[in-house]
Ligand SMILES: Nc1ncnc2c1ncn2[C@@H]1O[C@H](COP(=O)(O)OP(=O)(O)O)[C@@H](O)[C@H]1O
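Only one chain is included here, represented as structure tokens and corresponding to the form predicted alone.
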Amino acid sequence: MILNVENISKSYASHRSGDRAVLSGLSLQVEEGESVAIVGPSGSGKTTLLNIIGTLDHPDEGRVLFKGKDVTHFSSRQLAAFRNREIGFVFQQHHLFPQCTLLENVLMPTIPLKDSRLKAESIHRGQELLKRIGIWEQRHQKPGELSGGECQRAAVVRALANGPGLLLADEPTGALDQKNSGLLAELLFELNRTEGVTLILVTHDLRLAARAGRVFLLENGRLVRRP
């Protein structure tokens, strides 16, 4: 078991109606190497759930265990190290630094690594993934010189450079056209299969979600398994 989300709840203050519950006693268990998709309408809490799993946000109640360790109460320094090593993030927008080349962007997560062996492995991994997905020739170009699909593929490589166990993707194809959406989806699930990285995907695209091993609907603050 790589991830165990136990009875988490999360509310946000609302000026109109007081606290608004977004997640309510939600639980989720994910095995290592699985692919899981989470669907639901806008405002249902999908991104909030992903942020809590990725330790970018904290639940009001409940806890998140990663490989058996409770990360809910890690210190800020522990969380930063944990995220950099164990979790890769892919968002709807690629968030590449415009002043940096593609290769520099991809290798950004390797900068904080102190262990020279791990750093060398991560750099090599990032370079090999760029070659594997067909954008090695563009490595010295900057994001403004590349297509949206190329930038988003680079963002996936950046998320995987340090060899994380868990990849969290929040509407990763939302800003792409149909062709590039298909290419990116193929890349995510191929890496899930061949690299063994566990994939949790939030999407509005039911066709994309259907490719995952399990699909859940986030409804009324809880997850409902879809057939």
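Since we're looking at a predicted model, the values are computed, not measured. Don't overthink the numbering: it's just position in the shown sequence, from 1.
Unshown form predicted in complex with the named molecule; subsequent notes refer to it.
Going by heavy atom distances of 4.5 angstroms or less, which of T198, N162, S44, T55 would be at the interface with the named molecule in the predicted bound form? Contact with the named molecule in the predicted bound form is made by S44 alone.
Within 4.5 angstroms, counting heavy atoms, which one of the listed stretches 36-44, 181-189, 154-162, 66-74 is next to the named molecule in the predicted bound form? Correct option: 36-44.
Just to confirm, L217 within 4.5 Å of the named molecule in the predicted bound form by heavy atoms? No, L217 sits far enough from the named molecule in the predicted bound form that none of its heavy atoms falls within 4.5 Å.
Mark V22 yes when one of its heavy atoms lies within 4.5 Å of a heavy atom of the named molecule in the predicted bound form, and no otherwise. Result yes; V22 sits at the interface with the named molecule in the predicted bound form.
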